[in-house]
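Just the one chain here, the form predicted alone, laid out as structure tokens.
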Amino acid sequence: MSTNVAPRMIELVHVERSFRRADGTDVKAVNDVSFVIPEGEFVCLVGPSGCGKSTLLQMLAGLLEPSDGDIVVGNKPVTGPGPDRGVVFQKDSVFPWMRVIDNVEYGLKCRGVPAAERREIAWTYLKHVGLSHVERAWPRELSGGMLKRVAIATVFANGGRVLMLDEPFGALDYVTRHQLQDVLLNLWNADGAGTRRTVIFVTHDVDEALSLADRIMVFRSGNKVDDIAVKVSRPRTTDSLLLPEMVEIKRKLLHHLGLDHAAGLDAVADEAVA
């Protein structure tokens, strides 16, 4: 009998990461974290600054080694960076000395993809993010939002099955942030059910997590304190965030973050029902 359960893509088993302070004492940034993420799931990691979510992402990317525990991606232990995992950071990661199209195809070039093929792939993803008209532009000629579109096109073009984004839209204005959330979801959905990339998205913005995620993991002081499924169908509109189940998830998230604005949330819930 078929269960239609997606195979696991990411598994963490009792992962820890400690750092040594200048005074010689150790601080544990990630503390005994375990979870499994199926292939094709969109997961948001939420928590205050310094809670360990970015450290966790860097370990998944192979940029940091865990002090203890095991990290497995695609049934292979993570021992360093690899083409199976793409990363978009908050700070711009676009090479300023390369034109836009050359940035997007750079990873493909490093892997030996023939010139014509990689140019076609790069141009296709630039078209998806609405930048095909600036393919020959230099990064210095683009706005911050356009640079993020280049970074997103690049990570999708490289073909990794796991995409990791560390607060990629945190420095952008409200309108640009929401536009790029739509761009990201449209690209992710374009692969089609059963072939979607697995996405780990770090954010401190509760509404952003509610808009994007299939599942939200909450971190505090290096610990995973909750793991919440978001079952509201996409596309999620402003009205979606007012649904009773979404208001309840938001209340839970704000409680974990120490922002118990219960009265305000009750007013929102009453308005949604009215």
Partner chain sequence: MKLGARVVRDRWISLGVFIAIAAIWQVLSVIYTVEAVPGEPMVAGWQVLFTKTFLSMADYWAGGLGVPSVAEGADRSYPAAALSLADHSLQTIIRLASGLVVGGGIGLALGLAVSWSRWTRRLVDLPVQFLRTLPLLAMVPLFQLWFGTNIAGEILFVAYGIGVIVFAGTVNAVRNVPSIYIDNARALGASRLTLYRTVILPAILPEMRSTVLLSLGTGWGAVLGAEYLGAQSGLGYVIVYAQQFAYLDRMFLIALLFIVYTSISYWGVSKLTARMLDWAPPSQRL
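Numbering follows the first chain given and starts at 1. What you see is a predicted model; the values in this text were computed from it and never measured.
Keep in mind that the form predicted together with the partner chain is missing from the display, and what follows is about it.
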Listed residue (Pro96, Gly144, Gly130, Gly170) with a non-hydrogen atom within 4.5 angstroms of the partner chain in the predicted complex: Pro96
Lys76, heavy atom within 4.5 angstroms of the partner chain in the predicted complex: no
Distance check, Cys110 to the partner chain in the predicted complex, heavy atom within 4.5 Å: yes
is_contact(Arg136, the partner chain) in the predicted complex, heavy atom dist at most 4.5 Å: no
4.5 Å heavy atom contact, Arg85 and the partner chain in the predicted complex: yes
Contact segment among 99-107, 178-186, 119-127, 67-75, judged by heavy atoms lying within 4.5 Å of the partner chain in the predicted complex: 99-107
Output flag, Phe219, Glu248 and Lys252 jointly within 4.5 Å of the partner chain in the predicted complex, heavy atom basis: no
